[in-house]
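Before any questions on binding or motion, here is one chain by itself as structure tokens, the form predicted on its own.
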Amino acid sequence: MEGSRLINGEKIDLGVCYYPEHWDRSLWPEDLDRMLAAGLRTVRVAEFAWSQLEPREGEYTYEFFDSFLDLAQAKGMQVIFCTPTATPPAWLTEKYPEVLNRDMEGHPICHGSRRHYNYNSPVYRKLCRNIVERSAARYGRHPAVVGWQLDNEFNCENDTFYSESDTEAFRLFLRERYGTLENLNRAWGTVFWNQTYTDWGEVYVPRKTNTNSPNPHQQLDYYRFISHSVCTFAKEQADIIRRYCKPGDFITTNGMFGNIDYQRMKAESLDLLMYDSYPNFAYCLDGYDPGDPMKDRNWSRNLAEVRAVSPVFGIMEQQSGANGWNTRMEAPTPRPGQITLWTMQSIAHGADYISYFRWRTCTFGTEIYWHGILDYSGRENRRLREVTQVSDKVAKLREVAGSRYEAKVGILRDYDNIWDCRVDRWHERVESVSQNGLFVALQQAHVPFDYVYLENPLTPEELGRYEVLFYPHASILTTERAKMLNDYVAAGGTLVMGCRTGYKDQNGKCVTDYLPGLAAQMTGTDIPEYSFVPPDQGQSMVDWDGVQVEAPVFNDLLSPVGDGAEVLGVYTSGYYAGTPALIRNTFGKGRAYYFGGAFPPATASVFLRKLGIAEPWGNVVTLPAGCELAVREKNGKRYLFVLNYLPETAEVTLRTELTDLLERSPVSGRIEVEKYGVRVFSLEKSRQP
């Protein structure tokens, strides 16, 4: 993005989502002036405005967005322009009903909401290419435009597709993947329940079955196919825009949703990814969990996922008001300070651009309760005052721009296992416990971490940035990924794996090797037997050198193999009490741990302490579990963000002198962070104790 006016490593910018089509034109100048006065210098427009550009097929009108963009330029406002393909207009779906998505039983997803199309309709692809080209040709060189958003929230609302066009495209996808029906039948194990195919015309996207259990190997490939469909759809649009946009203008899309390989999409189509961050979902009345220790802090987990795809990223929609459609998602107005907290949460995790959703709250449609900075009347309010104060704070963080989040602990991920969790309830049960448990434990022990995707080959040096890697339940383990892990451990790394590792191949079929399959040699482990924790047994417990830890959901019963394998823990409950539950194996210069259970928060916390990675910044700052510590680094300087999610003041101790970037003063010793407050400190790397 060389030459970009936004997200360029020089400053952190604020913006806002705006819908000029929702408001009388007489309001535009006033709205833009008020945005600029509040420090909001970029607006996103047009993602749902197809009819403003093509009100009828083949009839184009540019006056509306010409007027708005010319006004934005005159005011000094930058614009992110969107392709409007998330909401095909009524004339299109009426004339070409084949563009509509269908549910699993074949019922059409009708016009009247959004994201009602399917990616594989040839006529929809053609019409999308046309509207994207018309938009890019008209506005690609406009001085106000600094970037382009593809569509809006790919796979939001619905991430499965069952139209006739999808079946045709699925067959083509499978032909390219397997070549022959013989290979397909073998990969899917179609001899089971007499599912063998003798003609490609017999193959469909998954359909409703008598047991409501489609072939799991077909289902796994189906999720891969959906991702392929989204990625090719995005690439078509990106390729067109690049022919017209100015040098330095970026291409992005927003949000993270299911059944998409964002690593592939980023590599093929995007300069960076943008996320839509709504921490207030933690307080939705229909899903509020008062026992969740993380609540809005859970969005740090989502931001880590974004960062794993796009180390340089922004926020396209940042929470600024209450959430709610007229049908669902009721949530309260952010409390005083929370807009600031959530903005700084995004910045702490690496975002250099924050765009609030939205400027004015819409007075009509499904999202009438999805509030923005301003309410319906547009009157001055507390939220606008807080956003203006955020702008002042962000200006003081200019030097933070371009810095990267710093972590020495990683959680390994790959899409094969993510999608297998949707297919396999056994896998999903352990994975959900461990993903939540590791996140909670890392957060409460103030351990900055990254998600690390193994979609592309990573060298031992690249993985070696991390002192410890967790790969909790790699049920599908490929030869390529096993080699990466072997090389990492052999070079001196520490790897922790959990139950149900290595028992499937890439098609989701169970292997006939001794378990844990491809991980056996590295972990020094054999698994003669395994079981769900019997429901009449109670909690499964493990004694680890005198410390009792939980091993919930599922237990692999272990046996050490080789001279380097050492039993560290044994089960203390159930018929297998006394059986090894935790093995540490010396492998090359490193160590591999195999734990026979899942990782709930308490168990994950013990691992952090035993491995010596809890509180890695404890010699610089100590803080309560209710506060998050995030660290960014650039040019030998570290930036420490302390975020207080608690409804009361938190006491923090600085054990060395730091610079408070917001107060522009040196500080040390005991300090207070107000409720929902944020403090940002800088520390020269050479001065770190």
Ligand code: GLA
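Since the structure is predicted, the reported quantities are computational estimates derived from the model, not experimental observations. When you see a residue number, it is the position in the sequence shown, counting from 1.
What comes next is about the form predicted in complex with the named molecule, which does not appear here.
Trainee: Would the named molecule be touched by all three of 296, 345 and 675 in the predicted bound form, meaning a heavy atom each within 4.5 Å?
Mentor: Heavy-atom distance to the named molecule in the predicted bound form: none of the three under 4.5 Å.
Trainee: Of 174 to 182, 129 to 137, 233 to 241, 362 to 370, which is the one stretch near the named molecule in the predicted bound form, taking non-hydrogen atoms within 4.5 angstroms as near?
Mentor: Partner-contacting stretch among the options: 362 to 370.
Trainee: Can any non-hydrogen atom of residue 224 be found within 4.5 angstroms of the named molecule in the predicted bound form?
Mentor: No.
Trainee: Any chance residue 595 has a heavy atom within 4.5 Å of the named molecule in the predicted bound form?
Mentor: No, residue 595 sits far enough from the named molecule in the predicted bound form that none of its heavy atoms falls within 4.5 Å.
Trainee: Does any heavy atom of residue 254 come within 4.5 Å of a heavy atom of the named molecule in the predicted bound form?
Mentor: Close contact exists here: in the predicted bound form, residue 254 approaches the named molecule to within 4.5 Å, heavy atoms only.
Trainee: Should residue 23 be classed as touching the named molecule in the predicted bound form when contacts are defined as heavy atoms within 4.5 Å?
Mentor: Contact with the named molecule, no.
Trainee: Of 424, 271, 505, 276, which one comes within 4.5 Å of the named molecule in the predicted bound form, counting heavy atoms only?
Mentor: Contact with the named molecule in the predicted bound form is made by 276 alone.
Trainee: Identify, from the list 386, 153, 550, 526, the residue with a heavy atom within 4.5 Å of the named molecule in the predicted bound form.
Mentor: Exactly one residue meets the criterion: 153.
Trainee: Taking the named molecule in the predicted bound form, which residues of 304 to 333 have any heavy atom within 4.5 Å of it?
Mentor: If the 4.5 Å heavy-atom criterion is applied to the named molecule in the predicted bound form, 304 to 333 yields 317, 325.
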